[in-house]
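Just one chain follows, in the form predicted alone, and it is written as structure tokens.
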Amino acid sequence: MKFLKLKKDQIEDFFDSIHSFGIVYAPVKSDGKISFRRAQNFSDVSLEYTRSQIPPKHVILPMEEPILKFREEEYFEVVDDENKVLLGVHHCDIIAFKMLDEVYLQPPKDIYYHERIKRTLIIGLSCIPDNYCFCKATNSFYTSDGFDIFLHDCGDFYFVRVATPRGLKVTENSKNLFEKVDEKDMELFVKAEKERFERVKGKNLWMIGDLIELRDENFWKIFSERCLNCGNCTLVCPTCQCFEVYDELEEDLKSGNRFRRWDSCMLRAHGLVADGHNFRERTEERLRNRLSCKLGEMRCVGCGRCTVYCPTGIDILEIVRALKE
């Protein structure tokens, strides 16, 4: 790990320099919401944000993507080979990528995800926590890996951690922008991280998987009565990985394209199988399954998106408190 310093008045020059690596995606504000979009001008970028509505995973794992072209018995994969830069990714979303890696990079490796993640330069950014953040409770407040470069806001400058050879190459290509850190810079970095830590709420959520399994159906009915089965919580979740695959045939009925798109375990159709059987027919069953996945297996990073963007205000921490009580 190498430590450097980047003055804030140099951040635009740094933004311009990283375009030489690939297409830059950054937090952009539109209609009051932050989303990671292709950013060509620094004036479009909003680095001072708490959370994006849709997590940056869509750059690596698109909501919908072609994966095959086929004709009768022949087919070939459609693989994205563009270099990309993800600028401004928070700790929790970086850790979410590490969780997705555990799914998509295990044998058999997902070639579409693997090709994108290896071609993407990830530049992290310290966050501005609010009352919905509970990353401290999920041990997702800070990460030492999973990124190439990390920028910590320390007032007048960014304290920079360089974690990979690729990140080092990027900083060396723009070495006129970076300075060496001294003891005072290190102290300001530690102070800024401590203040950020103190703003995040939530107690440790580990080891509550058994509590989820012990609760009966009536417990889950209380919370599911407010659920619209809209799937919003899974749409905005940075660690959800469910998808469905479908084909679109050409007029000759012999050739076509195969696509995959995000799916949601909170939708009724997700549990529908042959002969019309549904192994999660009721809302309470789907809610329990989702919470078991997120908190039983601890695939939650405490970003707060599912609570913020739930149209009926279902709070994941409210469910946790009820479980513990």
Partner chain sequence: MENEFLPRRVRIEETKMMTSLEKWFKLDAQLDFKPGQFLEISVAGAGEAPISICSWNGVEICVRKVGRVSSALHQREKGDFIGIRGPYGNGFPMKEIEGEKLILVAGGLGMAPLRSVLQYVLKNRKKYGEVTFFYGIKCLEMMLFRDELLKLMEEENVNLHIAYEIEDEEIRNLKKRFPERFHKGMVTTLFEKVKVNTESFVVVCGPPIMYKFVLKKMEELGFYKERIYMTLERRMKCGTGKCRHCVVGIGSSSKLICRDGPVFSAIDAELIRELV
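Residue numbers count along the first chain shown, from 1. Keep in mind the model is a prediction, meaning the values are calculated, not measured.
Below: the form predicted in complex with the partner chain, not depicted.
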Is residue 242 one of the residues lying within 4.5 Å of the partner chain in the predicted complex, judged by heavy atom distances? yes
Given that the partner is absent here, does residue 64 sit within 4.5 Å of the partner chain in the predicted complex, heavy atoms only? no
Residue 293 within 4.5 Å of the partner chain in the predicted complex, heavy atoms: yes
Is residue 115 a contact residue for the partner chain in the predicted complex, using a 4.5 Å heavy atom cut-off? yes
Checking a candidate spot here: are 108, 212 and 288 all in contact with the partner chain in the predicted complex (at least one heavy atom each within 4.5 Å)? yes
Just give me the single entry in 72, 82, 195, 172 that has a non-hydrogen atom within 4.5 angstroms of the partner chain in the predicted complex. 72
Just to confirm, with a 4.5 Å cut-off on non-hydrogen atoms, which of 258, 37, 29, 58 contacts the partner chain in the predicted complex? 258
Could you tell me which stretch in 228-236, 162-170, 244-252, 182-190 has residues with non-hydrogen atoms within 4.5 Å of the partner chain in the predicted complex? 244-252
With the partner chain taken in the predicted complex, which residues across 264-291 come within 4.5 angstroms through any non-hydrogen atom? 269, 270, 272, 273, 274, 275, 277, 279, 280, 288, 289
